[in-house]
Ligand SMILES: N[C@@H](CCC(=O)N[C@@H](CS)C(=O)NCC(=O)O)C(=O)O
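Taking the form predicted alone, here's one chain by itself in structure tokens.
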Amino acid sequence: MHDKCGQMDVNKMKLYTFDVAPNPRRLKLFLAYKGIELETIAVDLGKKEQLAEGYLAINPAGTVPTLLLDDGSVLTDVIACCFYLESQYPDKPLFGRTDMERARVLGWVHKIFVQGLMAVAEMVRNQGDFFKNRALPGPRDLEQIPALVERGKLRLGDFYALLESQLQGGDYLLGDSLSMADIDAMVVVDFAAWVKESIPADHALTQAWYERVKVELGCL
């Protein structure tokens, strides 16, 4: 059903999330672009609410976001949440329109997660007191490894080079329109600001792409 603003209201689903974290933000941008509204419950990572018994009963991994479907099914990975919702609400597609386009978007989403988001996560989680003994998400405490900070920085540089090379083919990462790959890559760029890293000044195509995607997504 649509509300008076034309947004889709998915009444029976519940989204457990923490908007400022990068993985929840990927889903938030997806939902906003497609105009999907969900009942949302905030899970404050700063207060370690993701490790509370009640939340672990829903998502034993203790991660966010978690999408609880109306039939009781639970999706705990951003790509799974987005891909499912895309199938239910195909307007303004973010995973392409053909099997090959969907395959390419999924491939790039995986590439961006592994080579970009995880590179920044290495830097964020392996330094400072906030993530002390919390080097990885989930219920198990893990010590920080400071050497991973420098490795993450090198990996991020390679990721930016990958974006610059891919953008030689057009205004977006895949084809001539926005896809989930663009959303995820923009989230990585903003996540990198947490460790004071940014798109290199000589990556003109990536700089222009970033501004273009920000405008298209409403700078959320």
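So that there is no doubt, residue numbering starts at 1 and follows the sequence shown. Predicted model, so just to flag it, every value in this text is computed and none were measured.
What comes next is about the form predicted together with the named molecule, which does not appear here.
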query: Location of the named molecule contact in the predicted bound form, chosen stretch of 144 to 152, 85 to 93, 71 to 79, 103 to 111 [non-hydrogen atom, 4.5 Å]; finding: 71 to 79
query: Candidate from Leu205, Ala21, Ile199, Met13 lying within 4.5 Å of the named molecule in the predicted bound form - any heavy atom; finding: Ala21
query: 4.5 angstroms heavy atom contact with the named molecule in the predicted bound form for Gly128; finding: no
query: Interface membership of Thr63, the named molecule in the predicted bound form, 4.5 Å heavy atom rule; finding: yes
query: Proximity of Lys28 to the named molecule in the predicted bound form, heavy atoms at 4.5 Å; finding: no
query: Exercise: Gln50 in contact with the named molecule in the predicted bound form, heavy atom 4.5 Å; finding: yes
query: Partner contacts in the predicted bound form for 31 to 45 (non-hydrogen atom within 4.5 angstroms of the named molecule); finding: Leu45
